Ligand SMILES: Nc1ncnc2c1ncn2[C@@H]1O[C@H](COP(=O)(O)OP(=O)(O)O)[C@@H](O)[C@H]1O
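Just the one chain here, the form predicted alone, laid out as structure tokens.
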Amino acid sequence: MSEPVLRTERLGRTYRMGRIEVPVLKGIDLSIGKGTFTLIVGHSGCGKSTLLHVMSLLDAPTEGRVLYDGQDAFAESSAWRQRVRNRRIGFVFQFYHLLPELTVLGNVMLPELIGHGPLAWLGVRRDARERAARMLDTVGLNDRMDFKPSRLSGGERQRAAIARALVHDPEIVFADEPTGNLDTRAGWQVFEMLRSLAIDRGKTVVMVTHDNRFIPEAQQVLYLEDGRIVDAEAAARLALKHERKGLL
């Protein structure tokens, strides 16, 4: 594996529901190599999205550490984490989260707006618009820039979400079930687009999925079960177990 850009050590996340504690992540140790395409695979409810949210600094662990280039992210200030999220990280969600009142171009420009104050925004708006337009051209949506999201197909919405995640040129891209709402053809298109970010452009891409068809195409696969990383053989046995339960 290449030099790790991200590591977790004994990572745990527990949620409290009234008086009940629900442990979701249970002592996870993992390493993500710089410029690699990593899949985190597991059935629904095993903790995949929670793990991705903690690694991308959208949520905080209840124990353990998340290290970016050796720095303990949650030992740093909230301002430090915000800078990392704004400058180094791009995030692609399963449900797109495009603002319906904005055009596709306006949605892709949002990260640039968030990163500047109102006065500074006036000075960078033209450049931000040009970057957003180029990114939409890259994902094949140059003819959809002035459309509202409601006029796009599911695959087009996800490509717009990818353009938004990439417009500030992040080093690391996290994708949470980005093909979960797409048909087979659109799903593979989105998958190949994310994979090419690592293979062709040297980005570090971490994608959560429950779709085992993508496994052979990944450079690293991490199998998650009940909040823990397991090996491939254990993952196969557990997948068969869950499949049989689904047939009962």
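These figures come from a predicted structure and were not determined experimentally. The first residue of the sequence shown is number 1, and the count goes up from there.
We do not show the form predicted together with the ligand, though everything after this point is about it.
Trainee: Pick the stretch from 64-72, 181-189, 195-203, 40-48 whose residues have a heavy atom within 4.5 Å of the ligand in the predicted bound form.
Mentor: In the other structure, the partner sits against 40-48.
Trainee: Report yes if any heavy atom of Val230 sits within 4.5 Å of a heavy atom of the ligand in the predicted bound form; otherwise report no.
Mentor: Flag for Val230 set to no.
Trainee: Hey, which residues along 16-38 are within 4.5 angstroms of the ligand in the predicted bound form, non-hydrogen atoms only?
Mentor: Met17, Val24, in sequence order.
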